[in-house]
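Next up: just one chain, as structure tokens, the form predicted on its own.
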Amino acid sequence: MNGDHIKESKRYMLGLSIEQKIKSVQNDLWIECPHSTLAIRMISNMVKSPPQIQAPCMLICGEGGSGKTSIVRQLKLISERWNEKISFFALNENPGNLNFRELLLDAIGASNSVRKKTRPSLPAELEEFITLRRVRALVIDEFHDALLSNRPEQLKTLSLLKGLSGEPYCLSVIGFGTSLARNALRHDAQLLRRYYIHDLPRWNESEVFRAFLAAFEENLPLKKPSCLYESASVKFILANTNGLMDNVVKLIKHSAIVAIKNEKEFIDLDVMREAISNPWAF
């Protein structure tokens, strides 16, 4: 087999040891698909648009496992090349138990003296930090976590979000969260009007999904083609993952490892069944 079914840049992997192949499969892999590509394009257009009195904002909404955090990770990589800067933070990564305001100021790069001020509003110095660092947007992963607190804290957070997108800061706020975030925004009609909501749906049986599977397969170090895009495989994958991106990726990765270990060198229904029954047994 000449490896024509694998991307040319990845064909070297066919000569790796079994252990090296497994590690290459386990590495994070970005495969473009319409929903994620569209989300990144919209964010890019928002960030690069001229400063506006009311900055455009967006909530990217999906169930757990729908690929939100992968989009954030990819956005971090490509936005490093932009002139306009984005500040990132995730609300589930908070070992210091900071409140939303403190996490926000830390992400933007405000000094300790500013962050430690006790007033609940945004500090006057924040405008200077934003200008000096050319920050145009704030990306908040696990956005819904900011809205799971008691009602008074929720109102404070919503007020801060409203202030960030207006003058003098004019930051585009890009939230990634579940339907809980959408529901929380509905408590403030004025704030909700500022947010475009982009949903990340589950996969279904479609040409788009087949193209995604074909692209994924091109990155796997298997000596034989698996043809994951064929009808039987597509139906099996959807039936066993509920169409969730994270589940689909895990099933394919575990199946590839099984195919490498048992030297079958391609993924079929039997390999996928074995991967499902014992994904970490290799």
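All figures in this text were calculated on a predicted structure; none of them were measured in a lab. The numbering used is simple: start at 1 and walk along the sequence shown.
Below: the form predicted together with a small molecule, not depicted.
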Using heavy atoms only and a 4.5 Å cut-off, determine which of Ile257, Met245, Leu59, Leu220 is in contact with the small molecule in the predicted complex.
Met245
In the predicted complex, the residue from Leu213, Leu238, Met46, Val249 with a non-hydrogen atom within 4.5 Å of the small molecule is Val249
Using a 4.5 Å heavy atom cut-off, which of 222-230, 25-33, 38-46, 51-59 contacts the small molecule in the predicted complex?
25-33
